[in-house]
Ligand code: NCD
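In the block that follows, a single chain appears as structure tokens, in the form predicted on its own.
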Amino acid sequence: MTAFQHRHLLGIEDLSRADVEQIFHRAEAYLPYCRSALYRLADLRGKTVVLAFFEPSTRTRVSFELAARRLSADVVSFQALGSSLAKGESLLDTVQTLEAMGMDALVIRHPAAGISWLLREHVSCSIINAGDGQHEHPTQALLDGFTLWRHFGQLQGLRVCLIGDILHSRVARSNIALLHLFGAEVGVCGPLTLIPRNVEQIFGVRLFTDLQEAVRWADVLNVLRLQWERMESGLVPSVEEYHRWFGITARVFEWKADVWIMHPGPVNYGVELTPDVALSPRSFIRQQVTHGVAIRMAVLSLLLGG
């Protein structure tokens, strides 16, 4: 297999299908090691990975930390609160200072779209985008795609419908790009106030406004969280109204018994999803979490030459 040709992971659109398949195969090799600290690999011994999260995160931050530690890298969690950023230092100065201390990779989540691309122009370490505003979340798309790839054997022709807040979702944008890369069919479903204008033409997806129709079309439902923190008021009449029309409950299995369920987390139970569906045998949600560690091990390893 040829060497991985990238130094950064900023967005799915920077990757070819061969790149993604290389990440998938590396992640599959790491799966036996991702759940236990008893088996640490030496792939990144001597490397330093800094985690800088300027927005809340559990799954992405912790899985990146576990991934780096499983590969024997040193891990530093940068806290903006109490740092020199509070004294007026710019983010770029902070990152360059961290690099001067020996940082090999920066994993960054930030509310500003495009921040990873900006930093790439001014540092020599690897930059990994862990979510930039409403723009991209490439490792989430990779772990979602990996979960489907392992289960179905391929993504070609698979019908995946993203349900919910498409307008504010970086997960949706990255997933659409990855699924198209592999020839999957993609749909979106939700209230029109939470769907980008001209979504069919711009993103090349099929639009559904009726949940039952979307479920009967799809093989997989990837259910997205309502991102209240990014919303303007009035986009959703009420939580109850949203759940009534677009909430994923056991009724979806009456409409289509063999549909599969995904969710990137965190789940707002009683809003976009009910617990019985999340815990059902047709749910990939727990596998997604486990696969997140393996995918991030693969990304770190390939970018840093492990």
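So that there is no doubt, residue numbering starts at 1 and follows the sequence shown. Remember, predicted model here, so these are calculated numbers, not experimental data.
Beyond what is shown, the protein has a form predicted in complex with N-carbamoyl-L-aspartate (NCD); the following relates to that form.
Taking the partner from elsewhere, His135 is found to have every heavy atom lying beyond 4.5 Å of N-carbamoyl-L-aspartate (NCD) in the model of the complex.
For the chain shown alone, Gly270 is not a contact residue for N-carbamoyl-L-aspartate (NCD) in the model of the complex, no non-hydrogen atom being within 4.5 angstroms. At the 4.5 Å threshold, heavy atoms of Arg159 stay clear of N-carbamoyl-L-aspartate (NCD) in the model of the complex, well away from it. In the model of the complex, N-carbamoyl-L-aspartate (NCD) stays beyond 4.5 Å of every heavy atom belonging to Gly46. Only one segment in the set 89-97, 185-193, 137-145, 203-211 has residues whose heavy atoms sit within 4.5 Å of N-carbamoyl-L-aspartate (NCD) in the model of the complex; it is 137-145.
In terms of contact with N-carbamoyl-L-aspartate (NCD) in the model of the complex, the residue from Ala73, Ala218, Ile163, Val171 that brings a heavy atom within 4.5 Å is Val171.
Interface residue among Arg225, His180, Arg120, His110 relative to N-carbamoyl-L-aspartate (NCD) in the model of the complex, by the heavy atom within 4.5 Å criterion: Arg225. Residues are counted as partner-facing when one of their heavy atoms sits within 4.5 Å of N-carbamoyl-L-aspartate (NCD) in the model of the complex; in 259-286 these are Pro264, Gly265, Pro266, in sequence order.
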